[in-house]
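We begin with a single chain expressed as structure tokens, specifically the form predicted alone.
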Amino acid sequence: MEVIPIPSNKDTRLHAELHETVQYIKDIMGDSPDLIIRDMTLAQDWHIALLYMNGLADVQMIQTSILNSLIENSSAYNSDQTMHPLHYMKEKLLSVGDIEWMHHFDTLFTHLLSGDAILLMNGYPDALRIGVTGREERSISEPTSQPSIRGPMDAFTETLETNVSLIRRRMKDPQLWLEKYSIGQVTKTSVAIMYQKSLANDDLIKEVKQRLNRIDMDGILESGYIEEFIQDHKYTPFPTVYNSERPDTIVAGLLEGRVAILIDGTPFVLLVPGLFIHFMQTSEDYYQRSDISTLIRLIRYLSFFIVLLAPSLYIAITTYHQEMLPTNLLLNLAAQREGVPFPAFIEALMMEIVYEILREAGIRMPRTVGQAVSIVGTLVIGQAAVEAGIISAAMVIIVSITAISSYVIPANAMSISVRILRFILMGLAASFGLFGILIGSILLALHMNSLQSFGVPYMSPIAPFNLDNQKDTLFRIPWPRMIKRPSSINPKDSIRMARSKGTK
């Protein structure tokens, strides 16, 4: 079958002849059965065609607000009027609020396949786009990947308009600006950026726009596509673009001067710049008392180091530095490892890989059996491996503590990064002992300090150190004392509280 190309940019003008335009649209779309064409002649001998996609457009709204209005009121048109009939329909007949002019085929296809209705008229080389989108949407539900005990329980959905409304409900400020883009040559995915104009740095806004405009790809299906295109460093295990399904988290970022990127079709919204400390914080930190939040936050950082270093420290000490252990503990470990045929590194590597397989299996399995299989599988395999003399009991304890600690890290992207890095440190520990761990830690610290997120140092305000910003890093002081916003993002207005304006 012959493929009819969509006209190039220099030849996208709609035809004046209605039948030519309609036939061309049908040919481009392969005479698709879900393309509905209502061809009709109204009073005054107006020959029009109304096009919409079944399943994307609101059929009831088309019937009541478009077709009924045209049929019942078209006879009121006075032929002596100088207003063109299509202009008359837009200004006098149609009761829909969202109506725009269209002049080119590429724009027509984009809006038609987005759920809008297209009104064409014979003898007129233009069309009206009528906003009647009525696709099925998932209702707002609780967050699944970022749950909390205290705080709002609503989460983003896959609909861009719904996500924008969830943010605007919390920020009733006219300075909250929204700009939309269409990215993807085939999918033409709607992408929007939101920022508080009075807070966000102009250079940051400009950089975000430039990186989005440079994206050249056939399709964008999820925010992860955008994230890989706009991140500063392509080859690093650490995430430099924050993502969240919680509206309150995104609003908190906007109030600090960050920029949010919303993608139609995904419930995860991107937030830039994304710094290391941002991935270790949760919205719940700011809903609890400061002392409680500080304790929980310190536990998270402790868990970060446990995930990163616990297996490698066990390997290094049991392999090269047994003198560091108390005598009784050393004798117990030696007795446990008496029948184990593998060195500590191979033992740890096997257990870590098995646990990662069980973790992935638990995610991919149906929800009704996934959790049970992962828990039972871990217990059965661990116990059987110890009884068979393949793995020591101490190694099972180390791997279990490491696995549990990885769940304490709030951001899944950061948790995965640390889990990857621990394998590298395990290899260094098996090769060089504590010296290898030291070298690996130094290289890791140097790498983290070399990263940036949209021009902001990734480790700030820890490195470069900023004493004033330590109020919300490892600790969180009470809200009345957090007068200033983080200076690392360079917001236009650094003062949070109106009564403190003019004070330092």
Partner chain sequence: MKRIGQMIVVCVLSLSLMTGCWNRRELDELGILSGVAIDRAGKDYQVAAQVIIPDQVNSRTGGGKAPVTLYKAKGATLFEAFRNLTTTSPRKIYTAHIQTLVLSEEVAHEGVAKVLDLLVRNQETRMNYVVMVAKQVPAEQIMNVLTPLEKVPADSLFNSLETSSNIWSPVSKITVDMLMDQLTTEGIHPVLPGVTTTGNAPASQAATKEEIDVPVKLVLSELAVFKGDKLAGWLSPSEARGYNYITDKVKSSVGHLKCPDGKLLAIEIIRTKTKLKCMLVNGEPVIEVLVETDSNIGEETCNLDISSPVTIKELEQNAEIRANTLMKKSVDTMQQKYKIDIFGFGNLIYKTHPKLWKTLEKDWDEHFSKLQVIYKTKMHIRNTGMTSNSLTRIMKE
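As the structure is a prediction and not an experimental result, all values here were calculated from the model. Residue numbers count along the first chain shown, from 1.
As for the form predicted together with its partner chain, it is not shown, yet the points below apply to it.
Of the heavy atoms in R419, none are within 4.5 Å of its partner chain in the model of the complex. None of the heavy atoms of R129 is located within 4.5 Å of its partner chain in the model of the complex.
Taking the partner from elsewhere, T318 is found to have a heavy atom lying within 4.5 Å of its partner chain in the model of the complex. Using a 4.5 angstroms limit between non-hydrogen atoms, E338 touches its partner chain in the model of the complex. Listed stretches are 253-261, 90-98, 185-193, 429-437; the contact stretch with its partner chain in the model of the complex is 429-437, by a heavy atom cutoff of 4.5 Å. A single residue from the set D202, E360, E228, E323 has any heavy atom within 4.5 angstroms of its partner chain in the model of the complex; that residue is E323.
The partner is absent here, but in the model of the complex a heavy atom of A344, alone among V307, V269, L120, A344, sits within 4.5 Å of its partner chain.
If you take 232-263 and check each residue for a heavy atom within 4.5 Å of its partner chain in the model of the complex, you get just Y235.
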